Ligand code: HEC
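Single chain ahead, by itself, as structure tokens, in the form predicted on its own.
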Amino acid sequence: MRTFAIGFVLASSASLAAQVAQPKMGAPVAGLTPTQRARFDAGRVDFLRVVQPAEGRGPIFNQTSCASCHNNPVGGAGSQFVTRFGFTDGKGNFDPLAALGGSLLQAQAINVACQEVIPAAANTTALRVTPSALGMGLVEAIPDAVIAARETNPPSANVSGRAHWVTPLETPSGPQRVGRFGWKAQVATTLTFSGDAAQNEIGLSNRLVPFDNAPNGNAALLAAWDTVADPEDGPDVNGQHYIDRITDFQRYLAAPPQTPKSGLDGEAIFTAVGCADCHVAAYTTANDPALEPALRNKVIKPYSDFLVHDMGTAADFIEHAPVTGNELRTPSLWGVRNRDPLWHDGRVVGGTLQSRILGSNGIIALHGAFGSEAAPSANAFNALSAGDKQKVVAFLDSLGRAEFDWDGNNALDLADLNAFRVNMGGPFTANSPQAVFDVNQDGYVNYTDLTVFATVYEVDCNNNGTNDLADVLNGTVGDANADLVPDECQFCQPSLGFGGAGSLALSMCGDDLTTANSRGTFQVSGGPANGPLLVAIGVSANPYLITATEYLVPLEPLAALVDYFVLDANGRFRLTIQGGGGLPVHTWVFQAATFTGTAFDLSNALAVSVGGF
């Protein structure tokens, strides 16, 4: 197996250099510098951290940390809701009731005395579910003109999306930018998103929003319960504010993966029925020298036009002027396979992705609501055959799926590796289930794909700091049974202990050698570099001291003494042992020994059962 692994890596190295696995959801974007990666990691800590009242949280708030809402995965979408309210006069006019604390209700408080309620004057309320922050820095890097062009040049007569031009909080004097975050596209930059959310959701005033919200607009209650001077968020020892650190994390979050990356029949159908008129697949981020190289001039596939559209009776009826109550921003679809609930108010919840898309009250039905711009596309979708509808669901299921994730649980583990082994071969198409393994999309699941799998595999059974698949392919562990799992993590012949005071260690692991076609790895470690190796074999154990510290364990006279092995430069030796073979099962006692130059060093002994069918 060692020869196979070494040859395998050499044969695949050229392809491996050209193939890189997509980051999983919640991972950092590829290409960050070490400094930027450190900022991402530090920002993640603050994103997860509970902000305390002594730091300024409150007096009213919705959650105690960013990750309380953005948690599927950390930085992604969530199932938490906030409430919006206001007054509609029935003539098309909306009042957010700002003087009464609107339009956002802060549902928690540091004391019940300042707890907010929906005011009696409100006759319109709506829930909003947590959106995803994945790929946020990449979306921010889309040029404004590219998004705005779709307003002036709509892709069809059915849609008339509008760009929401906003002024970022960090540049109050302008220029304006096209909003692209939030259900009303009311936010254009990650830093604005952080400053706004810190103040409105956590109750942490900051340099961008340097005041706290008064409970239901009551300034007296604010004065009584706001005990930390504004702005509450200040610089750390590095001059970084809380909002800067969580911005680093969100800005450097990778886009959700898409597996397979292209070629699914369902995407072509998705486009043909008009879904892509709003859910635009691809953009190229700005080629701006001011952008970090990891975000600059990158092709991304968010599946959104970032414009607001009239969704008719399926809208939220909360105005964010100039965006009307009937308008909502087109949500990005990347990562949609993991989102539950769906829709702006989370009304589509539970079940499977298929039921959330195709159900009687599912996403397609909501797109077809009265007055919705998406109704023609929904009608065209409903006219599809059942098979074509399933193909579209399969395409949507690819959005957020990690490469090699056969069972779709977002963990790259032994179940996925076993499935890879079973499904090697081809040819396959993008519509084949095996396409999850075909990283280079050449139609074959082969060694080239496996070398990429080794860069992202997540199991480290021997806890040596390197994942097991990489260990096997690099030849640093034994894999005599060729199942791509380190033999030392499988069935191991029982150790009898004894030995001596030295460092020599013996193991024999892999298959149970009493089964047909079984193989294991005989391995010695901890010896002198390039030293001689002896292996004693006996019919039973009879440990006795042969020196002051060394035990010889196999019963004498020995059944065999093998003395022509040599340790390698690392003081190790590895040999494949074949089991089964149709012989009666017998248990032998194995022990290794080496010569240090002045004395023998004996290993522990093993009771090795071999033979059988």
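Note that residue numbering begins at 1 and tracks the sequence as displayed. Please read all numbers here as calculations on a predicted model, not as lab measurements.
Although it is not shown, the form predicted in complex with this ligand is what the next lines describe.
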Exactly one listed stretch (144-152, 488-496, 114-122, 82-90) reaches within 4.5 angstroms of this ligand in the model of the complex by non-hydrogen atoms, and it is 82-90
* Asked: Any of the heavy atoms of Phe453 lying within 4.5 Å of this ligand in the model of the complex?
  -> no
### Query
Taking 4.5 angstroms as the cut-off for heavy atoms, does His164 touch this ligand in the model of the complex?
no
Checklist entry - in the model of the complex, does Arg251 have a heavy atom within 4.5 Å of this ligand? => result no
Is there a non-hydrogen atom of Asp483 within 4.5 angstroms of a non-hydrogen atom of this ligand in the model of the complex? no
Residue within 4.5 Å of this ligand in the model of the complex by heavy atom, from Phe381, Tyr457, Phe522, Phe437, is Phe381
With the partner omitted here, the residue among Ala374, Leu264, Leu473, Leu138 that in the model of the complex has a heavy atom within 4.5 Å of this ligand is Ala374
Across 347-375, the residues having a non-hydrogen atom within 4.5 Å of this ligand in the model of the complex turn out to be Ile357, Ile363, Ile364, His367, Glu373, Ala374
